[in-house]
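Just the one chain here, laid out as structure tokens, in the form predicted on its own.
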Amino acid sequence: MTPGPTEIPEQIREAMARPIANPDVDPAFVDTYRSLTADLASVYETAKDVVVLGGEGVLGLEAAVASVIEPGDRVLCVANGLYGEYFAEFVELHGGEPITCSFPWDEPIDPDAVSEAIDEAKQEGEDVAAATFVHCETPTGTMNDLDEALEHCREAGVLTIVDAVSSLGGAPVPVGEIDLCIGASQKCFSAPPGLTTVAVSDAAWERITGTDTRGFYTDLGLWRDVGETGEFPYTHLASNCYGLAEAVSIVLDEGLENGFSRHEAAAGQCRDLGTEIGLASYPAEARSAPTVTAFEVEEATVVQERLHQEHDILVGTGLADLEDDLIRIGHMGYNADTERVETTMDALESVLDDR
């Protein structure tokens, strides 16, 4: 019950056990890839191109930055959590200049502050090439409302990059206002880690094709025509693609709205049961995500270990400075299930009562 990777349904395991086609020469795999990207576009609820890269979700975050940023470009990095802060590191790594717009980890982002940061940067005589955001900060269970901030960016002509890794498929994502929207296989899809997905706008493709990148594996431009040509820039992860294709099919068969409601129900139950046993949710002021709940728990790493040893249930703890202060329960994808949540919370109550 960690906030990704999740438990993997048996039918996804079975799909991955299929004999693999050689992605480099077998037309059958090209058909699989085309079908997968078309189905992913339905999950993204977009007509934009979707590409699937071989690599864990962080690859998508770095590739988005690497593909649109050139040395000296200024990038607004909006952060109220660990992954928002990571974007600034990627910008520096690829020669850009991050402009940080930071908020406390237990507070939502302020769209007015985002707009002011863009205006201030432009007053200094330099354009802002892009802005980065995180939709769901899994280290704290915070869901950011991005609509207004994205609108400010669009009006200012700023390209937008959004980490939707922990929300795509489990909650509505404002993909229509996002130029590069990143997802991953191991969260709400409940497939194994190993693939990252990116929905790419026309404006993003234009920027990508006009940018001299300093990488190969992180160059999204190599994927633009794969669906048409059937020629991959490197050997794709065939079995992972089979698993993700099955996972996406499960999401679409359920229906996106039904899936969103299931995630909301599991999240609501998790928080209600937490309140009953005296736990405070974190953050208190920001909006909690329907895919993950964080509770304030003393000696969280000890509690995590006991849950695993005594009840065979694995949950997450906080990250960075919050490592020993938070227990994080993932109710995403296959684990967005009220029975699984109840079993987890009963076990957590037992461990806490026995301390």
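All figures in this text were calculated on a predicted structure; none of them were measured in a lab. Don't overthink the numbering: it's just position in the shown sequence, from 1.
Omitted here: the form predicted in complex with another copy of the chain. The next part is about that form.
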property	result
Candidate stretches 133-141, 269-277, 190-198, 167-175, one within 4.5 Å of another copy of the chain in the predicted complex by heavy atom	190-198
The single option of Ser281, Thr213, Ser115, Ser249 touching another copy of the chain in the predicted complex, heavy atom within 4.5 Å	Thr213
Whether Pro104, Ala286 and Ala320 all lie within 4.5 angstroms of another copy of the chain in the predicted complex by heavy atom	no
Contact of His236 with another copy of the chain in the predicted complex (heavy atom, 4.5 Å)	yes
Contact test in the predicted complex: Phe90 vs another copy of the chain, heavy atoms, 4.5 Å	yes
Any non-hydrogen atom of Asp346 within 4.5 angstroms of another copy of the chain in the predicted complex	no
Interface membership of Glu45, another copy of the chain in the predicted complex, 4.5 Å heavy atom rule	no
